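Next comes just one chain, in structure tokens: the form predicted alone.
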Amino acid sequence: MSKLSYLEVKNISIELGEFKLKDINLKVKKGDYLTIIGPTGSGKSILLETIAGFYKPKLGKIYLAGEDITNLPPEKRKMSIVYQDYMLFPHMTAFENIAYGLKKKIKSKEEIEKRIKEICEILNITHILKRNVKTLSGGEQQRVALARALVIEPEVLLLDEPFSALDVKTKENLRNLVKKAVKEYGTTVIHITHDFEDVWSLADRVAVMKGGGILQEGSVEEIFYKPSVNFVAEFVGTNVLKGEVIGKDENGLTLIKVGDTVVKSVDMGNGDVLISIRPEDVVVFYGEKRCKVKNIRRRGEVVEITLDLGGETLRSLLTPNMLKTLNVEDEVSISVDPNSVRIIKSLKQKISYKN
């Protein structure tokens, strides 16, 4: 096992009926927070439950702190798992639910109460400990589930979309509480999510899955700003455009011609290149007429603008207030910070860029 990894999934393959996980490799450092994203049916939950010990892989190994745990039962793996539906015991109080697993490890009533008090103070649920869990809100139930998972001080915390059934404000509060709790306990986390806010708020690293395999794994910036394949770019909503490096400006920034527009990048490149630009980093304004507004679409609290740069399509996210004078077919200009224009690769390298 790599000296740098604490949890290592090595060449794991598993068959469950027609579904297969194939050649999965992951390395997670101690204390890291890894999020796994991907479309429904990509195998995220199966991978998590294989790590937890609920499924035995056909091929490959799982290591924790240098120990081969591939054939260990779930209760011997020093892991806790939290699902989106809480899975609390409905006939018990919040305290009894949290204490359930702890009682198997600790006999001292005083020590049990001490540990429960500590984690409940972090998660702000000391005031509901005597209540039956059926009387709790969704956010309170999820905090009880998290407390139950963390109180036994697992080596690895596995989260399977734990916030998906909660409202936006409750999600935000829980993210902050989870961040505080795992930092306090030094817990290593693997978190499956469909919500990119979870990724931006919590993750150190991200893995993108599709069809039972991992397409790309890296830092949050690498996944969202330098996707390695088309599917990843489309899934995380990044613009990927073809451009031509035409030189450098007086500050040494790379000048890239994209359609009829020139953008600047901090990255180095030559000839024809692929670049990525996050939609939220594109500023649209009336000025030099360089591109045309092709579509305007409301997306919750933001508005997505589709622009034609003269053969290349670019999406921008704006606030509704900026739309007061903007219309389809308007000619506008764009501005993008050079730090947000990332060169993915040179097209002359003949590297395949496909799904």
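So that there is no doubt, residue numbering starts at 1 and follows the sequence shown. Since the structure is predicted, the reported quantities are computational estimates derived from the model, not experimental observations.
Form predicted in complex with a small molecule: not shown, discussed below.
Peer 1: So, Gly287, Lys292 and Gly310: all three within 4.5 Å of the small molecule in the model of the complex by heavy atoms, or not?
Peer 2: Answer is no for this spot.
Peer 1: Can you pick out, from Pro320, Gly31, Gly66, Gly41, the residue that has a heavy atom within 4.5 Å of the small molecule in the model of the complex?
Peer 2: Contact check passes for Gly41.
Peer 1: According to a 4.5 angstroms non-hydrogen atom cut-off, is Thr70 in contact with the small molecule in the model of the complex?
Peer 2: Residue-level check for Thr70: no, no contact with the small molecule.
Peer 1: Counting only non-hydrogen atoms and a 4.5 angstroms cut-off, does Ser45 reach the small molecule in the model of the complex?
Peer 2: It does: once the small molecule is placed as it appears in the model of the complex, Ser45 has a heavy atom within 4.5 Å of it.
Peer 1: Pick from 58-66, 45-53, 302-310, 325-333: which stretch has non-hydrogen atoms within 4.5 Å of the small molecule in the model of the complex?
Peer 2: Selected range: 45-53.
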